[in-house]
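The chain below stands alone and is given as structure tokens, in the form predicted alone.
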């Protein structure tokens, strides 16, 4: 094979490789069901971002195409063939002025629209509700302070799923207990970092009832990719029902039932870290968990009304089986609230996921949960450890957790 043929074949391989890479990237961005699609806004804040990208993306795309086309033209036309150096543009005022003014005008247009959008998104004076959001490895906690105008007469603490009323500007006050995390529900707004020792503000608003998926977007350790979140938007009437359900008092299982035996196992094994509001020991004394003694970040999910959620373990696993999950996710807006508020019924409970979690949580979700290997954390867990429960104990705990409506 002569040198010319070899060069041509090499070029063909390079072009084919680049085309394959470009095609793969393009296809990777296509999906029929993409719950974290940034181009499908479902709230006022996300709509502002979408409006901005409709201005910026075409401009950036046009500039990108022109630059790439010009670069290819220059690479081909002026490739070294032993010819003299081409004429240079340096020292030609007209060319230099055009190449300065045109980019400046483009950046000015982009900057004006971007600055206005950033200022609009930073506005918090119009918020009607406050929720404290705390990230830690690898789940989100939601703390609803008492707000009588929202029917919240006493604080509510939950995890995994943020529940908000439709059409309400909700102010999230974000922070972290360990490392930097980042809160992002693309259908409702852009991302906002949660930083230890600081409070960052983010406004959310949803147009219609439904579930909006999100993801931690700041690398935060072993299970960063498994640190998910879901925003549940309910009509104002359904949100009031949810609040009432979260503020219901604790009811201990009936004596002689497996759930009652499970309560005992929970007190002995789980209440060291997990709080269930209102639970009492055999002497009638309220049990207050002490996760700060066992968990590096100092907290574990509050399980008071676990079965009112449809996910667990940082929204990584479904508490409901596939059929019930589809019924909720695919429900029409006017039916969504009723289906979500039904909670996890006996027929819907995903016992496989829950039992596997209780059997060996680190096998389900990568975690630094072996205190013997964590000298830097003082022997405390990052994530839930393997409790070594027997199958009989797991049966009892599942029966008990099923009562936490």
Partner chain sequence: MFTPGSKYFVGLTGLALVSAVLYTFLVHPSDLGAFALYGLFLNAAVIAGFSFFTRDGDVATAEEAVEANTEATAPSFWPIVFAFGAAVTLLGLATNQIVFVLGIGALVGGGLEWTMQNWSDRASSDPAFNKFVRHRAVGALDYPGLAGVGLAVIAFLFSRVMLTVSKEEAPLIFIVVAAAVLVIGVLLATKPAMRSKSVVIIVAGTLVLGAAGVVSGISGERTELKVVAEEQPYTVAHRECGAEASAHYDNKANNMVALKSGVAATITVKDGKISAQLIGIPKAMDTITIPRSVATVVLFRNLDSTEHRLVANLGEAKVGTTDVMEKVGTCTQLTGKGQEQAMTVQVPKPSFANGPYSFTVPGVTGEIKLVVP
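Just so it is clear, the model here is predicted, and its values are computed rather than measured. Numbering follows the first chain given and starts at 1.
Separately, the form predicted in complex with its partner chain exists; it is not shown, and the next lines address it.
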Which single stretch, out of 240 to 248, 317 to 325, 288 to 296, 254 to 262, brings residue heavy atoms within 4.5 Å of its partner chain in the predicted bound form?
288 to 296
Does the 4.5 Å heavy atom contact test between residue 280 and its partner chain in the predicted bound form come out positive?
no
Would you classify residue 149 as touching its partner chain in the predicted bound form, given a 4.5 Å non-hydrogen atom cut-off?
yes
So in the predicted bound form, does any heavy atom of residue 198 sit within 4.5 Å of its partner chain?
yes
Interface membership of residue 143, its partner chain in the predicted bound form, 4.5 Å heavy atom rule:
yes
Residue (of 205, 235, 308, 134) lying close to its partner chain in the predicted bound form, criterion heavy atoms within 4.5 Å
134
Taking its partner chain in the predicted bound form as the reference, which of 333, 168, 153, 124 has a non-hydrogen atom within 4.5 Å?
124
In the predicted bound form, does every one of 163, 211 and 228 come within 4.5 Å of its partner chain, counting any heavy atom?
no
Can you name the residues of 300 to 328 that have a heavy atom within 4.5 Å of its partner chain in the predicted bound form?
none
